[in-house]
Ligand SMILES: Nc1ncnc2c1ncn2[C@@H]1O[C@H](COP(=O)(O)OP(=O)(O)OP(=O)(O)O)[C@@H](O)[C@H]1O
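Okay, here we've got a single chain as C-alpha cells, the form predicted on its own, with questions on binding and movement later.
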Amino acid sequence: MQVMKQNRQPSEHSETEAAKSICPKCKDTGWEFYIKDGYEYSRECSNGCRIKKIKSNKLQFADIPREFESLSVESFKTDCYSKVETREKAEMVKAICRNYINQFNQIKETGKGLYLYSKEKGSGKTRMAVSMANDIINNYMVSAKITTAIRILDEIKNTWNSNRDAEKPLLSEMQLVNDITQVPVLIIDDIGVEKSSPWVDEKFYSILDNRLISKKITIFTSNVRIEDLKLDERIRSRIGKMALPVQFPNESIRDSLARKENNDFLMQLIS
C-alpha cells in the first residue's frame, strides 16, 4: 500500500513568529561570530541577548508570580489609598524603597534588608517586595528568591521522604537550607503566620543567623511588628539586626486595585 506523504508548508504567520523569536545575530546563544583578518572570533551579541538571557533566568529562579512580573518600585501606585494620611505614608514608603534600590550597590555590602509590615492584609507589602526583587534583578543582575516562611518549612519537610536511603534526606535538607542561606537576596513573605515550635524556631534561627553572618540581604513582609512575632526571641533579635522596619499604611488596596485594573481593561476594550 502506498502511503501518501503530505507536504505541509509552514504558514507565513508561523515563519514570521519564528523569525521574531530567534536572534539573527547569535541564534539566541548570546554570542555572535565575526571575521577579522581571516580569523573567526566571538563576542557578546550586540542585540543584548546574553544579558536578556541572564535576566530571564534570574527572574525565573526568583519564582515571581506572573501577575507581578512587570512591577517596579517606580510603578507602585499610591493613589489607590483612599485617605490622605495613608497616601502620604505610602509615598514615604515608596521613597524609602526607591532610595534602597538606587543605593543597592552600597547597601548590599552591609547585608541590610527591609521589614515591610502592616496589620492590614492587602496593604501592598508583597507587591512592593516583589517590585524590589524585579528592580534588583533587572538593574543589578543579582539573584533573588521569593518565598514564604511556610513554604520554606514545607520544602524542608519534603526532603524527609521515607522511601529514600537513610542518609539522603539529611544531605538533601542540608543542601536546601544551604541554598536558602546563600541566595544573595531572599524575600520572605508573610513571616509570622507559621505556627511556632522548637523545630520551626531552630530552622529559622539557623537560616537567618547564617544569612546575617554572611551579610546576605533579606527582605521580609509581615502583618505584625518584629517584636510581636510569635517566634523565639533569638529570631526576633536577628531580624531586628538584618532589616530596617518600614511600616506600610494600615489600609487594604486590593479592592481598589482590582477596580482600577478592570476599568483600565474596559477602556482598552471600548477604545
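Owing to the predicted nature of the structure, the values given are computational and were not obtained by experimental measurement. Rigid core (definition): largest C-alpha set, two forms, superposition within 1.5 Å. For every residue, the number given is its place in the sequence shown, counted from 1.
Another form exists, predicted together with this ligand; not displayed. Remarks below refer to it.
Only one of 146-154, 197-205, 123-131, 177-185 places residue heavy atoms within 4.5 angstroms of this ligand in the predicted bound form, namely 123-131. Residue contact check for residue 67: one or more of its heavy atoms lie within 4.5 Å of this ligand in the predicted bound form.
In the predicted bound form, this ligand sits within 4.5 Å of a heavy atom belonging to residue 76. Contact check for residue 137: no non-hydrogen atom falls within 4.5 Å of this ligand in the predicted bound form.
Residue 101 falls outside the set of residues with a heavy atom inside 4.5 Å of this ligand in the predicted bound form. The single residue of 214-249 lying near this ligand in the predicted bound form is 223, the criterion being any heavy atom within 4.5 Å. Put the two forms on the same core and the Cα of residue 256 is off by 2 Å or more between this form and the one not shown.
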